[in-house]
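Taking the form predicted on its own, here's one chain by itself in structure tokens.
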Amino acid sequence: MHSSMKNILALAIYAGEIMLKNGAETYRVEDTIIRICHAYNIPYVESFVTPTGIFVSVDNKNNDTEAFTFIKRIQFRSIDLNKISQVNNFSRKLATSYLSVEEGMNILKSIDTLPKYPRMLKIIGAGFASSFFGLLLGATYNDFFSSFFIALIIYIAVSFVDRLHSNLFIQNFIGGAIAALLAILSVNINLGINIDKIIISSIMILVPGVAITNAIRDYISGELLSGVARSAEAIIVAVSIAVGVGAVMNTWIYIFGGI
């Protein structure tokens, strides 16, 4: 019985880990873990999830067995809504049809290893997302093309720094600095016209939209601790982008006397 409960707990934790490291809201992760444990007839489940950790206790209320508590640390997070949706569907499927723990674990492993979008497609997508946002701000076609190519470079640079496991502040500082430097250069060589619109549209791919959205949803669902953590993450990202842009612009003005 001990072994069975441990395996079920490992399955539930694995599902929660996949969701949390791919950007799911904490209340959704807690709900998924509880659903999976209840599907295997574990009557007592307590789940507490933060953006960086999962804490779960299970007990079948039988005096002959001990309660189990498991803690899982989540160090690296990204965004993959497809995997979140797949695990969400998996937990609901368990409530209506029986799967062995081994079958469930195999399904989760296949979800965890689902391929992401091709790298080239993501790079080009980043370029179009930034440049079209510039048009909404009133950017010219010269600014449009400048923003497109600057966003490509930012995405490649930030992805490279991310693979080095650097922290959020460094990644976004570098992204902001590249946006400001290339925007100034593009205007000085007459490729772009409006520095402000080029910079704003170029850094749109760095703006923590998912973190802000998840923070609000966590607040609304009563997950105040997670909401505060997500808000702090969004603020740190916003400040690091601003510091990167401001550092380059101030340095340029100090050296050349103006932009």
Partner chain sequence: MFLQFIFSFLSTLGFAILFNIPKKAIIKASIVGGTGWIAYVYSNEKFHSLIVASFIGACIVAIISEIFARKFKETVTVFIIPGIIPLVPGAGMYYTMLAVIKKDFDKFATIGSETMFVAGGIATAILIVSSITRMIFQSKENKKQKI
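None of these values were measured; they are calculated from a predicted model. Numbering follows the first chain given and starts at 1.
Below: the form predicted in complex with its partner chain, not depicted.
Looking at 102 to 110, 185 to 193, 73 to 81, 162 to 170, which one sits within 4.5 Å of its partner chain in the predicted bound form if you count heavy atoms only?
Among the listed stretches, the partner-contacting one is 73 to 81.
Residue 39 near its partner chain in the predicted bound form, any heavy atom under 4.5 Å?
Residue-level check for residue 39: no, no contact with its partner chain.
My question is simply whether residue 89 lines the interface with its partner chain in the predicted bound form - judged by any non-hydrogen atom within 4.5 Å.
Heavy-atom contact with its partner chain at 4.5 Å: present for residue 89.
Although its partner chain is absent from this view, report whether residue 154 comes within 4.5 Å of it in the predicted bound form, heavy atoms only.
Because no heavy atom of residue 154 falls inside 4.5 Å of its partner chain in the predicted bound form, the answer is no.
I'd like to know if residue 225 sits close to its partner chain in the predicted bound form, meaning any non-hydrogen atom pair within 4.5 angstroms.
No, no contact at 4.5 Å.
May I ask you to list the residues of 23 to 47 that have any heavy atom within 4.5 angstroms of its partner chain in the predicted bound form, in sequence order?
Heavy-atom contacts within 4.5 Å come from 25, 27, 28.
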